[in-house]
Structure formats: structure tokens, C-alpha cells
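Starting off, we have a lone chain in the form predicted on its own, written out as C-alpha cells.
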């Protein structure tokens, strides 16, 4: 039986220093920000224990909203709590953005530094991640054949889920070499992560970035669930793009589970990913496994038509997904880019850059454009270029500012994040030894298990805390 939708997002943030005179290198400042968030803002509980070989005590912690902040490979990373609806996951995604920006303000550093929600360091060529998590049942076809139905969709969804970037990245070992006629150097491409994906399937995250991560780590009852963990996508500023990215992916996973996904295979998925991202004419032409030509839009329409046939009317979220998906593909196909501003990040950024270039009479290699590219992703509403577009077009919103404010402090009410947040709040009122994980909480040597992500555990958690000896 297919479970209901449950998803979460993980974001690694860049930290941009505007004022070098503050004398704090970024790698040190992220630790100070983390400490301020937990110790001064009381946003949650800092870890008291090792979580992994690279996560010592104090590296991060769980939040009052049920999510988690921690430091990963020098970046502050935020994982949303478990969410069941599109508006909910968008609100909790943005709650992480706002918590970090608020922390900089309260530290008096908002003029000196900014968090950047992007995936590329233009100085080093490094990339940092935007990961997606989708819960599926244990009987989901978690094989190369089953997941193979997901690959063409993921390769082509960047046409509406990409965040856009200037230039291209050099990737060694023959994957993408600038100057290669197959991959011409271009001034702008639609995806930030495409250049960094080197295989279609791989188990580990850090050593071989793949289209689909095949690690089986459900973070739930392993007898009932699996977790699809994706790391090929870009970090989105647009609420509309985030909802469309997550929503269409969840719908396609439903089609695969039900055995009704389109039978499409790409000749070379990794190459197609880069070809689509780098196509300056945005025809997005690729080749199928039988060497027949196709386009990213035609592949997406195949998935859309299957979803309309089998899933239309399922619920309000699904009907919004199907409508938004079709409208976006129509606008992409007709090239009506002005309709995509505010809804598709790469199109919004390209529109801003091209208008600025025309006004200032600049060329694509002007370093000024790199600064503008980064400012598009700036999470400070006073500086971030995306926020201006959002104010002009309310249709790109999928949540409200009030919901985001609430999501900074309160968990989703329909998942185990509610029980986790309750225990965190109670622990913050008592001096007790603890260990908090996604699936369990340990207090005073006693364990409380939360392996069902669809259960709130509120009543059980309250009783666990109040009826054990550690409370006395």
C-alpha cells in the first residue's frame, strides 16, 4: 500500500562576508552563528553526543520546530521537519532561511555578512547541496529498473526547478571539459548542480554525486518504509518553484509505485543533464535510449499526462501540481519568459541579469554580474534580489509570512515532528542528559521511539516525560 506524502528538504548555505574588517573568517563565523542560535536565541537543543565521525558533540542540534541545524563540511545546513503538504514544506523551508537571517540581525552582523541560498562558490568552483527526501513504502521498486523510471523525469525537471548560474564549471576525469565542442562555454545555464553530477546511481553522497542516491536509510520503521534521497537539485528561492519541484517529484514516485509511470529511458542521463542545462537556445534536445530525439519538455509532458490520467482529483495538492505543471510547461514551450518571472528561479535571474546588462551596457564576462548572481540568492530581504520580484507578483507565493513565522518556532502538527518538538521544549526547561535523533529521544537513560513518521506521538511523549523517574 502506498503511504501518504511525507517529505523534507535539506539546505547547505553559503556565507558571504561583505565587510572583511570584522576579522572573522567564514569557517569561524558559522560556529559563532550556530552557538548564538542555540545558546542565545534558544532555538533548540544542541547535541551532547557524537552523531557520526564528523559530527562531534555541539556540532548542531534539533530545533523547536522539529527540524535540525548543524555544520556539514564547513557549511551551516538546515533540515526541515517531516512535512505532509506542499505549503507546509515551503513554509518550513523558508523558516530555516529566516532563522539564519534573524540570527545575523540579532548578532549585529546583517550589514557585514549574508547567508546565500545557492549551490556554487564562484571563487573555488565548489558546490554545496540542496537535498530532497521523500518517504515511500518498503515495497516501492527500489531497483535500478524501478528507479530508472525516475531518472528521465529528474534529468528534465530542471527546466522549471533550476536556479540558474553564470558560466560553467570544470569537472575533471572527462565528464565536462570547458572548450569541448559538445559542451561549449556559455555565459549562463539553467542549473547550478548539473555540472557536478557524475553518475546516474550511487550509494554515497560526498564521493560520487549522482542523479539518484541509492543509500537505504529510511529514518523510519525499516520494515514499512524507504526514503528516496535526492541530491541533484538546486536550492530554490521561489516558493512556486519549490512546491512544483517537490510536488511533481512526489507525483512521479506515486506513478512508479503504482506501476503506471511512462516507459522512458535516456541514452546518457548524465550527458543529457548537462546538455539541457547548457543549451543557450533552450530547445533542450536530448536522445532517448533507442537514439530517437526528444526534448526535455516532451519528456515532462509524458509524465504529466500519466499523472493526469491516474491521479487527477486525488487531493487538493495533487490538482494544484497538475495545473501548475501544465501551465509552466506551456509557458516554457512558447518562450513567454515574462510569465515565468517569480515562478522559475533561473528565468527570473536571467531576466534580471539581461535587463541590468542592457542598462549598463555590460558583457557576460563582467565581474559585476557575479555579484548580482549571488545577490539574487541573498536571504536578507533588504539585499536579496528575488524578494523584490516576490513583492511584485503575489502569485508566486505558496505560503504566507505569518505561516513562516510560526514555522520558525512550532512543528508540523500531523507528523512525529510534533512529539519531537514537545520533548525538546520540555528538555529546555529541565537540566537532564538527553540524545535526540529523528526516530528516537533518550532522556536520563530511557528511550522513546518514534519510528512511525505519520504519528504525532504527542500523548505518548507527554506521558514518557512525566511518568519516568528522571523527571524527579
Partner chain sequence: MMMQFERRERPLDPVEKPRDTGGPKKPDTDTSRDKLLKRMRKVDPKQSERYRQRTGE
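Residue numbers count along the first chain shown, from 1. On a predicted model such as this, the values are computed, not experimentally measured, just so you know.
Omitted from view is the form predicted in complex with the partner chain, to which the following refers.
Q: Are all three residues 195, 285 and 305 in contact with the partner chain in the predicted bound form, where contact means a non-hydrogen atom within 4.5 Å?
A: Checking in the predicted bound form: none of 195, 285 and 305 is within 4.5 Å of the partner chain.
Q: Could you tell me which one of 122, 310, 364, 142 places a heavy atom within 4.5 Å of the partner chain in the predicted bound form?
A: Here the answer is residue option 122.
Q: Identify, from the list 154, 264, 322, 352, the residue with a heavy atom within 4.5 Å of the partner chain in the predicted bound form.
A: For this set of options, the contacting one is 352.
Q: Please determine whether residue 413 contacts the partner chain in the predicted bound form, using a 4.5 Å cut-off between heavy atoms.
A: Because a heavy atom of residue 413 falls inside 4.5 Å of the partner chain in the predicted bound form, the answer is yes.
Q: Indicate whether the partner chain has at least one heavy atom within 4.5 Å of a heavy atom of residue 146 in the predicted bound form.
A: Although the partner chain is absent here, residue 146 would stay clear of it in the predicted bound form, with no heavy atoms inside 4.5 Å.
Q: Please run the contact check for residue 78 against the partner chain in the predicted bound form: heavy atoms, 4.5 angstroms, yes or no?
A: It does not: once the partner chain is placed as it appears in the predicted bound form, residue 78 has no heavy atom within 4.5 Å of it.
Q: Does at least one non-hydrogen atom of residue 26 fall within 4.5 angstroms of the partner chain in the predicted bound form?
A: It does: once the partner chain is placed as it appears in the predicted bound form, residue 26 has a heavy atom within 4.5 Å of it.
Q: Going by heavy atoms within 4.5 Å, which of 385-393, 218-226, 265-273, 248-256 lines up against the partner chain in the predicted bound form?
A: Only one stretch qualifies here: 385-393.
Q: With the partner chain taken in the predicted bound form, which residues across 69-89 come within 4.5 angstroms through any non-hydrogen atom?
A: Heavy-atom contacts to the partner chain in the predicted bound form: 72, 73, 74, 75, 85, 86, 87, 88.
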